[in-house]
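Starting off, we have a lone chain in the form predicted alone, written out as structure tokens.
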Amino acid sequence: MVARVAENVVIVSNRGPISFSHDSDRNLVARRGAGGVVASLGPLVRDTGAQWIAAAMTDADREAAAAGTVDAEGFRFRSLAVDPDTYRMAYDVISNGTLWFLHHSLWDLPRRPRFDRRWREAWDAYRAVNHTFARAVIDEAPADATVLVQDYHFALVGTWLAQERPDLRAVHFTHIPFCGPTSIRTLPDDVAGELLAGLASHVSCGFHARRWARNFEACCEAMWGWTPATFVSPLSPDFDDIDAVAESPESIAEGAQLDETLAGRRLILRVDRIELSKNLLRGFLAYEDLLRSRPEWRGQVVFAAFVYPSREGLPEYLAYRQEVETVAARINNQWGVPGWTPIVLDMSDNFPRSVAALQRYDVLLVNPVRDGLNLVAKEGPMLNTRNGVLALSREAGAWEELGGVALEINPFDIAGTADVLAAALAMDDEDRATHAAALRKLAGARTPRDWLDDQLAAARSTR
């Protein structure tokens, strides 16, 4: 299916499948890009003729943008240059500082947000960036093309596409949660209306979980009395790609080093970004509650947190990272003894090490306060070789798929999370094997191609 339609497909995303740098002679060099959307979509549309439009992130990207659409690494790719100050306001203030906080319920409402004149300038910048991308699609998309717009960075693109290119079949996919009507009222009325109208201008809007689609529908119903078309399509990891990492010399070496660190102890694992929504602090505090309330586990279990910094241009994230380090150090100082460090905190963004750890965990803790999906919750059960137990937040989008088997966590309940960790550690071998087998079946039920095909099918649906 993909191969037959891809030449008439345009993809719009913030990060692209190609990034550029300079070699020693200052020549532009193309290399594969990074990011979840790229990792999922890239292998499916490479060498198919699909066009991909993404933001120019670096000076080299902006230089490459002058050449227009290029063919590199199997992609027809256009790096779209936007004024750096405009892009930063759109990305930092609106995408990450407003929409991310809104949809993940991260605001401290007595203090934030503050929609002042400066914020209004940033909203204008967000609109301008969206219009720039919409204009590129309007000018370059083939007749009757399918346009796949990815994520909250481009919520307004559909407005102009519907007005100027009604022949296009554009769908929008939101990879994060979507808030409900009460929360969206936090935004200024005109902004909330513009945001919803931009999304509703697409043929259909996709989400990873039915809960987020319902929230979007409810927001539209509250504002207009009608609901746009939506579809639900949970993404799954590319397991072949992850297995290749697991079998690499780097991951094997990291696994051996981890085995040495564990020295036969049980492993509670988390693999995450240092991100407010991921709930690292409550995970550490729940582990401390486990050590305090169940002394039999002292010295017998290690909590490994393989996490990496995120969005350190925002002060809230810098402060959160410092708190994560402080809490982990305090727990180690209070409970550790010679030969046993309770928490191993690694912030080096070492993917081979994370994959090696996912093969070895006894308990995988995935406890976000809210998450659009959470791929780690699927990667872990597919990689794990020790019948590990998944302790999963009911606030993760992946709960809809895995919740019938995973142990349920209320991510705000520290004592309750500690109880779940204790239950997971105490589970007998037979129950662990049954649990792990059921999780593998659920996590492996879909592929990235299923997710792409769902978007293409939504694009062909009737408004």
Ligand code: G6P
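The first residue of the shown sequence is 1; numbering continues from there. Since the model is a prediction, treat every value here as computed from it, not as a measurement.
The form predicted together with the ligand exists for this protein as well; it is not shown, and the discussion that follows is about that form.
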item: Contact segment among 325 to 333, 196 to 204, 94 to 102, 257 to 265, judged by heavy atoms lying within 4.5 Å of the ligand in the model of the complex; value: 94 to 102
item: Selected contact from R118, R273, R298, H131, since only one has a non-hydrogen atom within 4.5 angstroms of the ligand in the model of the complex; value: R273
item: Answer option from R76, R353, R311, R370, heavy atom within 4.5 Å of the ligand in the model of the complex; value: R311
item: Contact check for R15, D151 and I176 against the ligand in the model of the complex, heavy atom at 4.5 Å; value: yes
item: Those residues of 352 to 369 which, in the model of the complex, come within 4.5 Å of the ligand by heavy atom; value: none
